[in-house]
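Given next, in structure tokens, is a single chain: the form predicted alone.
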């Protein structure tokens, strides 16, 4: 993993293999944010930038030689957008893009606006996110990520800045762990293997892990998880992680969908729709990784996390459309499409989480294509049974730098969820519209009375099928980890707005 250092060295005199410099748009044209670099290249440097086609637009990355003007042989210009509109997320993306462009380089320094502790931390996060690679199966992995990044700032002895870098290191390590799990081929991350990896990762930490295998799941009546996983020769698991600090100020339960491969089951997907279905466990990866980050940071918040792991495959033992499952807790569900399996494994875990009466439950899932249709592939959806909490989660996501948007849970969806003639609940609706909202309304049926709950649909954001952008690589993104840690952090320091269900 890339390591971060802080230094007061001049951007023009720092001796690393590459120098990443921010460029902003101004009325006079593009301007670098490091005055020492502008001075080193001379008075005509602004014209040089314009002649090179540099605009300073967000996402722009342009490389040029140091040419002896600065001590680094390579200068990487990264766009920050309008000079008066540079945000922490702007810095994350720009630094991430710059670091990502330097694969194979040993050391790099970063000269972007770092006049506050928050900006220093954002630059560190961007560097760590941009430095991620997944090369487990590559015979030639010579393009390693940048090993060491030095952030140039006057705040080298500032306690808040140092704490921000320490926090960034812990949080982004968790994001990158989630990315790696999502990127792992499904044959090498079956439910039992994933459960074993979680157990191994918890060794030496303050997190306790309990795993229910298929025998115990059957005995305890986990009809949703067993119903989804019974078609596979790799049996399902329910993994519980418990982080309990000495004097917790709140108790958060996290639930993650962990379908390690989704063929659609008997309602089988077209082959082209299966290419990326190893990512259908991204919700479980996110909640597990976030739990490790919360524990690493030592936040005074109790976290109980449930990863519902199953592989959805067709076979002679698979659940059929038309079957009725008895879920954990006793509710019955008529299955109409075995490719809507995620809500079934989540429902069992949400019921289990409700038994502990936590202050909050947040579930994370690559749940519906309908959410992708509504919000695209870079924005996740937020639904909740409490308007204040939904707004709070949205604010946490914005602070963390993850794009999410609130969605409603209209009451007519509750009626549609109960439309089955032979069971308590219908797994899907027969009409096409509002699929993401129906799924959220279905999950709400399993939340314990009086418990504040939110559902994050990350179907479009968990896996980047296109080109890398900003700090986001191709493949697993680790989406939602930062939001969950931010949510826990706000609960820890008492800055989160109260939800209606709070005591």
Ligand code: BES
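Positions refer to the first chain, counted from 1. In this text, all values refer to a predicted model and were calculated from it rather than measured experimentally.
Absent from the display: the form predicted together with the named molecule. The rest refers to it.
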| query | finding |
| --- | --- |
| In the predicted bound form, segment of 229-237, 345-353, 261-269, 395-403 with a heavy atom within 4.5 Å of the named molecule | 261-269 |
| Any non-hydrogen atom of residue 417 within 4.5 angstroms of the named molecule in the predicted bound form | no |
| Distance check, residue 337 to the named molecule in the predicted bound form, heavy atom within 4.5 Å | yes |
| Distance check, residue 376 to the named molecule in the predicted bound form, heavy atom within 4.5 Å | no |
| Residue 369 within 4.5 Å of the named molecule in the predicted bound form, heavy atoms | yes |
| Selected contact from 443, 456, 32, 459, since only one has a non-hydrogen atom within 4.5 angstroms of the named molecule in the predicted bound form | 459 |
| Residue among 428, 202, 86, 295 with a heavy atom within 4.5 Å of the named molecule in the predicted bound form | 428 |
